[in-house]
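As structure tokens, one chain now follows by itself in the form predicted alone.
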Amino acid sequence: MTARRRAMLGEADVWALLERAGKRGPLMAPVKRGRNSFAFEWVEDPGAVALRYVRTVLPPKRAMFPEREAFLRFRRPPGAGAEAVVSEEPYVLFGVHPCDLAAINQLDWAMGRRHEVVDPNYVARRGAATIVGMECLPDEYCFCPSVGTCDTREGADLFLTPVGSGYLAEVLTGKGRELLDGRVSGREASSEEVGEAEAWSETKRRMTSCQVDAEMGELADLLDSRYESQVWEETALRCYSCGTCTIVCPTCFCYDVEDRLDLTLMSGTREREYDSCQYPDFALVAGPHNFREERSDRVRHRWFRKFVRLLREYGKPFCVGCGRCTQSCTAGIGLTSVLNAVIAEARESAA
């Protein structure tokens, strides 16, 4: 099939696409884990890929920003030296939902364009990716319409939308065209099928029950006005400071760095792993001084980071409405519940 802007693929064509992707190199895709959980993992058997799911526990950012990775190898004398560890092996990231595409776009900015010095490991892994996006439907935790991410296509090379018994494929880049070109049978999508695919976003909006009770343009000022709100204290009383909310977040990018020596103490690696602003020692500095020692300060920081500071710097909230943090919170703290409580308080105070 010559790659087209919009083409119809049968389900067998999608499995053929996965087989092709798996033969080209590493393939990361959602797979089922347990009865109700899904995970983005490196898969050897394309047949294990889950085509329909709501969300994974960890987001697909782990393909380009792994939970732990070595970025430097070093040796002591004799033969002392150090070398950077950067992976540029091409791979396919399959089945990424619109909210997670939006998150990858935000990480592209944070890791590659926010400052003059870019993160070489992230940029290399990101450049090596061919991303296949896929449409989804929400559950009670999703609120992507509130943050403007449910229509995201940017960041994908190929995007699939379920239509009837097949999928409408949108070829968005040369990488997407190359993945399809000449290897998968298909046909030109009809105007009715294109219309059905385009209606998917409106269906998502109707089905989404969770929402933020404010426009994004007013959110930063509303939160700023309630910096001393009791909501932060009340939320902190429930919070365990476990960091789960930030570890599962697709847009968080904080990490810690550690040197690991081998048993001979002659060589080792410098590694980084996810860190969390909710950990009690996250803000611990020399002295010792902890500038966010109180749990309420750490709780407030999380909401202000996403909906005030980075919103003003990036132009959009640094949250994509995926619902992972709320679903995974061991204390049952809902991100939008806290946000809406502060919004209501701010409006009542202003009135």
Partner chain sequence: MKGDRIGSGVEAGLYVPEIATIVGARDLTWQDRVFVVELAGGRSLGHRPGQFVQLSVFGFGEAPISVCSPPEKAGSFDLCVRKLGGLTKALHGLGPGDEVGIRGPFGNGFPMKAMRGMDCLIVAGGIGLAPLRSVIDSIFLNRSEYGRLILLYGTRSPRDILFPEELEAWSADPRNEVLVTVDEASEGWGGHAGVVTTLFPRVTIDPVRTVVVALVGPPVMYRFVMAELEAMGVPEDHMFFSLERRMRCGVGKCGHCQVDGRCVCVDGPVFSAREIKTMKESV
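Positions refer to the first chain, counted from 1. Computed from a prediction, not measured in an experiment: that's the story for all the values here.
The same protein has a further form, the form predicted in complex with its partner chain, not shown here; the description that follows concerns it.
> Taking P78, A124 and R270 as a possible spot, do all three reach its partner chain in the predicted bound form with a heavy atom inside 4.5 Å?
Yes, the whole candidate spot contacts its partner chain.
> Please determine, with the chain shown alone, which of 187-195, 165-173, 82-90, 144-152 has non-hydrogen atoms within 4.5 Å of its partner chain in the predicted bound form.
Stretch 82-90 is the one.
> Decide whether A70 counts as a contact residue for its partner chain in the predicted bound form under a heavy atom distance cut-off of 4.5 Å.
Residue-level check for A70: yes, a contact with its partner chain.
> Might W200 be said to contact its partner chain in the predicted bound form, defining contact as any heavy atom within 4.5 Å?
Close contact is absent here: in the predicted bound form, W200 is far from its partner chain, nothing within 4.5 Å, heavy atoms only.
> Should F282 be classed as touching its partner chain in the predicted bound form when contacts are defined as heavy atoms within 4.5 Å?
Residue-level check for F282: yes, a contact with its partner chain.
> Just checking whether D259 would be counted as a contact of its partner chain in the predicted bound form - the rule being heavy atoms within 4.5 angstroms.
Yes, D259 lies within 4.5 Å of its partner chain in the predicted bound form.
> Any residue of 306-330 with a heavy atom within 4.5 Å of its partner chain in the predicted bound form counts; write them all down in order.
Heavy-atom contacts within 4.5 Å come from R309, E313.
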